[in-house]
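Quick heads-up: it's one chain on its own, the form predicted on its own, in structure tokens.
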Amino acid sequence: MKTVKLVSIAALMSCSFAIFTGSAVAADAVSDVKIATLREAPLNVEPTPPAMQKVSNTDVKQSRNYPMQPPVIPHKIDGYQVDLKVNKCMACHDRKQTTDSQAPMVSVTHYMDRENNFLATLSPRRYFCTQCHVPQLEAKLLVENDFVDMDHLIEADSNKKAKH
């Protein structure tokens, strides 16, 4: 029994050593290869991060690019407390506050549970706003974007059919 344990331990140790030394060799080989990334630096170098971009703070409602897209946040949210005790967003967007704040009320779906029953307060699954809603930055695109929204696709299709 002891012999079997010793042989097993020796086999595991030799496999571990082979994997360890093999990964070191593989890491050396990868470091010489140029990998295209947005970092514009090798993976083993920590570059100086770019300056934080300015948050768009217009308070102007922005159009949505596709159906069911959550609205973006058109203002700064720096310092907003959203945790288990407080949701700063609801100080303006709660249905009881919208008359005073003039902010849009959150959708009625945010007051529904999983069985589509209406609740008196915000649903716990919709409580953390920034899971879906994000502020926009005034920043240049990091990669080229050829996204075409649904309205333009429908218009192009109807123009194509009209020509035929």
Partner chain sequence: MIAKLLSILKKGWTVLRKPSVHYSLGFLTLGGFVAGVIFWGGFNTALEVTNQEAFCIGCHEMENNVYEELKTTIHFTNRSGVRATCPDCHVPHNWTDKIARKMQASKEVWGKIFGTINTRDKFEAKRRELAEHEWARLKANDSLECRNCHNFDYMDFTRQSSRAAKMHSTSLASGEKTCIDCHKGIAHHLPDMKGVSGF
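These figures come from a predicted structure and were not determined experimentally. Positions refer to the first chain, counted from 1.
Keep in mind the form predicted together with the partner chain is missing from the figure; the text below concerns it.
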- Query: Within 4.5 Å of the partner chain in the model of the complex, do we find a heavy atom from each of D59, K88 and D100?
  - Reply: yes
- Of 50 to 58, 132 to 140, 105 to 113, 64 to 72, which is the one stretch near the partner chain in the model of the complex, taking non-hydrogen atoms within 4.5 angstroms as near? 50 to 58
- Task: Pull the contact list for 62 to 82: residues with a heavy atom within 4.5 Å of the partner chain in the model of the complex, in sequence order.
- Result: H75, K76, Y80, Q81
